[in-house]
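Take a look at this one chain, the form predicted on its own, written out in structure tokens.
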Amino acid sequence: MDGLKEIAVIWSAETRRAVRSGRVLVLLGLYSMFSALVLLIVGAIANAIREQVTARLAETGNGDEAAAALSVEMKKSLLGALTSNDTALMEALSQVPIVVLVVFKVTLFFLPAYVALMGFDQISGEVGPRSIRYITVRARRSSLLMGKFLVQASLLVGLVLVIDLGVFIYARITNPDFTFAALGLNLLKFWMAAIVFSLAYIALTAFCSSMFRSPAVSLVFNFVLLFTFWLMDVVGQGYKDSVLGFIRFLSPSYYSGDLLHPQISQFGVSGAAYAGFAMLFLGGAYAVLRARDL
């Protein structure tokens, strides 16, 4: 029970300090600008394509029904490309505007880097100047690690919710057929998918931050690991039929495809994979903190 109290105290104090430092606002601004840029680009491309298709159909004498049918077929094709032609997943996401799916996929790709920027100095920032000693004499090292991890997770939960809400509101304004009921349900699904995806990378950032005394070195090492995991996924996907293809199962990014899947079994495998990676990275961080001289 004392361990839980220590974690709660560290989480509360570190969260207040993070909010007062202004970092949350800076990170929210960066995430918002990037998401807005992607949203505007994708929205502009989608509108341009829609206008060209409508104009050509009008020139050939086809009416609104033909334009609507063609729009449905184009959306199915894009959904198939974004979901690897998974029928169940395509049906589950059929009510969601394409712009939301594209923004989600793009932001999910860059989210690990955003997590690294958010927490690269969570431990190394205190190990270097040795201010961490004032905490470890009063609390367990495991409590310190979990408290820091929960701070990053809590901040990310709020930031992702704000961004997702903005994206879905934009989609509702630009797509009148996107009902409020569908908006609320899918907002919850997309938000939860992003959080599950992020847990492993928050733990990875804690691991990298615990390994070095310099925050800059921690950040560089974190990016090196992110690139390594991405490369493992890409190479593994390219060599599925060979032994080399098995390395994709060792990359967290491989399991992101089923985070929105309607079948519990499919989503459960992805969720369990990310939970397993999070436990592995947190275990590594704890081993480092327990062995090193703080």
Partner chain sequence: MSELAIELHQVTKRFGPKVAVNAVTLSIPQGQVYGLIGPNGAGKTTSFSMMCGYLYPSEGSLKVMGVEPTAPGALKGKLGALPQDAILPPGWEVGALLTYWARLSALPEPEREAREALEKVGLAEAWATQTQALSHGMAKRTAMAQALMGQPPLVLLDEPTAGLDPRIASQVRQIIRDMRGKQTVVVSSHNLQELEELCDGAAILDRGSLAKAGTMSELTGQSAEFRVQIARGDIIPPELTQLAGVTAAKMEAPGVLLVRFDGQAHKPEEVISRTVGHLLQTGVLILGVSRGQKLEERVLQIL
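The shown structure was predicted, so the numbers you read here are calculated from the model rather than taken from an experiment. Numbering follows the first chain given and starts at 1.
Omitted from view is the form predicted in complex with the partner chain, to which the following refers.
Of the candidates G158, P176, G184, P129, P129 is the one whose heavy atoms come within 4.5 Å of the partner chain in the predicted bound form; the others do not.
This chain is displayed alone, yet in the predicted bound form one of V19, A272, A13, L280 has a heavy atom within 4.5 Å of the partner chain; that residue is A13. Taking the partner from the other structure, the partner chain in the predicted bound form has no heavy atom within 4.5 Å of any heavy atom of K105. In the predicted bound form, the partner chain sits within 4.5 Å of a heavy atom belonging to R141. Proximity of V9 to the partner chain in the predicted bound form: non-hydrogen atoms within 4.5 Å are present.
Among heavy atoms of V137, some come within 4.5 Å of the partner chain in the predicted bound form.
The candidate stretches are 87-95, 107-115, 129-137, 219-227, and the one lying within 4.5 Å of the partner chain in the predicted bound form by heavy atoms is 129-137.
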